[in-house]
Ligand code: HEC
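Coming up is one lone chain in structure tokens, specifically the form predicted alone.
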Amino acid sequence: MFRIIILLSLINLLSLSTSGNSLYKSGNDKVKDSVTFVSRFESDNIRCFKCHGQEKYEYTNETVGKQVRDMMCSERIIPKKEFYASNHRSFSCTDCHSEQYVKFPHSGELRMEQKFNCIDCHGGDEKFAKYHFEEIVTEYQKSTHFKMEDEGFSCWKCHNPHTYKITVRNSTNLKETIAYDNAICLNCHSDYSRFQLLSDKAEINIIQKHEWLPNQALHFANVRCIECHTKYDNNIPVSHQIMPKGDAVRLCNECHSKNSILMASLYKFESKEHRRYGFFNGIILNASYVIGANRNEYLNLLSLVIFFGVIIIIALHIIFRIREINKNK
């Protein structure tokens, strides 16, 4: 029964995002603003969304002079609302795709066009310097994912350029961020059809592989996969160095301690204003169970004074009782 509950929770994560990028709705001012956001390229983009924004599309076959209705390939469907809530919402489709896509039917050769990577646009630009894209690329090149580049792995396998949006830096609802980010990993790691596109390995049972984890369902709901499976770097927003499975975090005290690695990853973007009144990690008091999270230096000192005071009182009491007994003899 317990395994079924865990499996259902994983399925629920996937249902929240078919591409790992469609969950995050609240707690983000930028996303809220997307309700009133109007792209200056909306009229240009609408010709693309006319087909790619829905499951069915329709066109006139000029060769036979007939109206044709067909199903759009699921990998080619870009929901309009999700695009205009994403980080790339202000773009025109032809900013990234060839101008020749304006013509329909599209030339088959266009499918072979070179796709941009994140660094092609974000590298060397002072406007994006604070995000450290160059360092992210360096980290990624040390990742186990980078080894699969020849098989077709790229930034877009995790970050759908049409729907991806930043979550953790803007989130006021950490649970939604965790579900959103984990869905990105589960998009391949719990879907064997997708997994086979990049690897010839046998199917992996995520639940079985994590049986060693105490309170497995609780961990899946409260931490991201990358907390345990990346080598975190406090200099970049989110670690991109996916480690081999043998190097994954397995020791409880790496997270459940006052020096929790979660403070340099999952909780790093929380406001520093929450870290006050002498508490070490007051920021995560209501987010998770971390040993020492509610530790306070002043209360620690007071508790030690009280503890040793009680020990001294007990010791004095024993000494006086022994003396009293000796006197009575």
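No experiment lies behind these values; they were computed from the predicted model shown. One-based numbering along the sequence shown.
The same protein has a further form, the form predicted together with the ligand, not shown here; the description that follows concerns it.
Closest heavy atom of residue 255 to the ligand in the predicted bound form, within 4.5 Å or not? Flag for residue 255 set to yes.
Exercise: residue 227 in contact with the ligand in the predicted bound form, heavy atom 4.5 Å: Yes, residue 227 lies within 4.5 Å of the ligand in the predicted bound form.
Give a yes/no on whether residue 179 approaches the ligand to within 4.5 Å in the predicted bound form, heavy atoms considered. Flag for residue 179 set to no.
Can you tell me if residue 210 lies within 4.5 angstroms of the ligand in the predicted bound form, counting non-hydrogen atoms only? So residue 210 counts as contacting the ligand.
For a quick check, can you give me the residues of 93-121 that have a heavy atom within 4.5 Å of the ligand in the predicted bound form? Residues within 4.5 Å: 93, 94, 96, 97, 101, 102, 104, 106, 111, 115, 116, 117, 118, 121.
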